[in-house]
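Here you get one chain, nothing else, as structure tokens; it is the form predicted alone.
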Amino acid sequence: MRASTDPGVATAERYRAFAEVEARGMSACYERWAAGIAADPATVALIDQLPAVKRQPNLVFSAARLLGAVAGEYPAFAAWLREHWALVAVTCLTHATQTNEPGRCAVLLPALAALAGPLAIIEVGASAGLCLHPDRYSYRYRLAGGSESAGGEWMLHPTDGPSPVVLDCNVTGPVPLPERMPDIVWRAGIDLHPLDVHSDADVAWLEALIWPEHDDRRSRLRAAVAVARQETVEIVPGDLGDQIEALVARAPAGATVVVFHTAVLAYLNEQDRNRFAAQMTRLPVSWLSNEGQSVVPGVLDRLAEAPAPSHPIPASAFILALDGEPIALTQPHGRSLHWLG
């Protein structure tokens, strides 16, 4: 579990870890805010009024921005937070971090397309279900060092033509880039509190969860919401460990059932992560996990046995694993993919 999401870690340390590992190089604003809070006992005391599971930086920052906090320097944010803390606290208590980044489909697609179809896909921690439409987005893979494809790019579109959502991803390593979309015949999700793409309030929360400088992600989110509104997908409310077996049983006969998730298991305690991993081993499914390096039981140990990348592995990198075996390193929002071979 990442320190920033671990309710057992002191608040100041959670924010320091978020600044140094997750926000650095990704959001200068969030790095400043998190580092400022880590060194500000008065603001830590405010946040400590929340239950431990609600003190995570992503949640507090997103709640503040939903309510009007402006990206900028830490002193101005700290003053705003003190003035509006009562509203921020209520928002934290009634919301959860449910980042629904369609860009993550870019790192999942090669693994999905390599599986024998047709596919029945189930996302746990599905939020509003935007990652349940990987076959309805267009992809632009940029290959490091050039390639046989023109311009060092590999484009892939849905079967009915280019999508208004174009996902860009830089790739290295022997990535099995697909020549056609996977044949997805059924899709469903599970979430503790599903969000509704038809709800303006839910979409506003999804936008607030996007980090301040990531304007491209905001534009992509809006386009993906428009795509998702064209096809209703069932997202079952409830705990992933309690719901997954019944949902797998509902998948159509003859389809390869794929259970996948990104940045979800970090919010479970160790016992529940182990329980879920055991379910994935027992059920007749292909299990595709895209999580922080120490999150999925056993995956980090197996990474040491995989072909090493030629560059140091960033601490923020996720490991993409198929049935518990590492197959790639990914940028958490889907911006890059390094295939391990």
Ligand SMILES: C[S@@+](CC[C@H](N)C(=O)[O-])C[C@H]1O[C@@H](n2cnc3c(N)ncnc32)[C@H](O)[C@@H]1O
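Because the structure is a prediction, the values reported are computed rather than measured. Note that the rigid core is defined as the largest set of C-alphas that superpose within 1.5 Å between two forms. One rule holds for the numbers: they count along the sequence shown, beginning at 1.
FYI, the form predicted together with this ligand isn't displayed, but the following is about it.
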| request: Would you mind picking out the stretch of 223-231, 170-178, 185-193, 75-83 that comes within 4.5 angstroms of this ligand in the predicted bound form, counting non-hydrogen atoms? | output: 185-193
| message | Which residue, S163, T256, T99, T91, is the contact with this ligand in the predicted bound form, using a 4.5 Å heavy atom cutoff? | response | T99
| task | Could you tell me which one of Y267, W211, W205, W154 places a heavy atom within 4.5 Å of this ligand in the predicted bound form? | result | Y267
| said: Check G238 for me: does it contact this ligand in the predicted bound form (non-hydrogen atoms, 4.5 angstroms)? | reply: yes
| query | Taking the shortest heavy atom distance, is C131 within 4.5 Å of this ligand in the predicted bound form? | reply | yes
| Does G125 reach this ligand in the predicted bound form, with heavy atoms at most 4.5 Å apart? | yes
| Do A251 and this ligand come within 4.5 Å of each other in the predicted bound form, heavy atoms counted? | no
| query | Once the two forms are fit on the core, has N290 moved its CA by at least 2 Å between this form and the one not shown? | reply | no
